[in-house]
Ligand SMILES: Cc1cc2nc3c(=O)[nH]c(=O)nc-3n(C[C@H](O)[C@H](O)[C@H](O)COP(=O)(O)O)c2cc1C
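Here you get one chain, nothing else, as structure tokens; it is the form predicted alone.
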């Protein structure tokens, strides 16, 4: 069976494909479809990126945030975090840091491991990131942001992109100024999350600002924020004229969302996964985690993903309550299989 063939059409919307780009180019890398899996700490590891690829419809997958300091100083498990599968391309590895030399060195390692693009994080609002003048804190210092980006561009032969927010707060909206400086030093593409640092993930993303950025710079602009459904992705394209759409948290609950967006864009309808689709996906993901290990990390990530994958499934609340009782990943996989078998037998 071809991936996703069991999906049943459940939504229709007229499409005008000229409004919704099929692809875009960041430097010499073509992103097709024009849909991107967002970088998410603790989530977009090698195994989850492969899950999303298997579900289909995504043009680019991006790693979780990698600390340039951790890579350079050897305090990060580089073998794990820099792992790229042959079935992931094109893939971007995303770096966080404020030291141009260390960022350049870390970027060379990312390119050496096979990354098709290096992405720089200028959007993370977490205090543990911003306290080191990294992430969205770089938007408060245009000169430093450009120095970091310029050092990375000069260090690698692959395209360099930047993911950013609007600014620190509504009183410090700096994205246009910083974006122009980044383009001047050779950045090949930008992603804009339409919120400030102070907003975090609350309130609504301001898509009008994404349209402003698209009009202000000559490089591709990817829109991000509040894309929770396939319909929302097309709404974002129509509202902003952006070159691509990035999906984050919604993809963790529904890894098929990229396939659904692409189907809606091209055919005007999309389907939803069956219970069998969901169970098979979870088992495949868990097997990858068990193979890669270590057991402690595999167990932690299995708990994280199982809690998200099963939302809305019959009996899932009881399953999620049971997760803390597991101490071995194999036992959790067996428990999941038992639960899934019981659910299927009730259908």
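Everything numeric here is computed off the predicted structure, so don't read it as measured data. Residue numbers count along the first chain shown, from 1.
From this point on, the text means the form predicted together with the named molecule, which you will not see here.
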For this session: Look at the candidate spot formed by 46, 254 and 281 and say whether the named molecule comes within 4.5 Å of a heavy atom in all three of them in the predicted bound form.
Result: no
Exercise. Can you pick the one in 297, 40, 290, 32 that has a heavy atom within 4.5 Å of the named molecule in the predicted bound form?
Worked result: 40
Seminar exercise, completed: Note: exactly one of 136, 190, 247, 149 sits with a heavy atom within 4.5 Å of the named molecule in the predicted bound form, namely 247
Exercise. With the partner left out of view, is residue 265 within 4.5 angstroms of the named molecule in the predicted bound form by any non-hydrogen atom?
Worked result: no
For this session: Indicate whether the named molecule has at least one heavy atom within 4.5 Å of a heavy atom of residue 116 in the predicted bound form.
Result: no
Exercise. Quick one: does residue 163 come within 4.5 Å of the named molecule in the predicted bound form, counting heavy atoms only?
Worked result: yes
For this session: Although the named molecule is absent from this view, report whether residue 121 comes within 4.5 Å of it in the predicted bound form, heavy atoms only.
Result: yes
Exercise. In terms of non-hydrogen atoms within 4.5 angstroms, which of the given stretches 273 to 281, 84 to 92, 219 to 227, 137 to 145 touches the named molecule in the predicted bound form?
Worked result: 219 to 227
Exercise. Since the partner is left out here, which residues of 56 to 81 would have a heavy atom within 4.5 Å of the named molecule in the predicted bound form?
Worked result: 64, 65
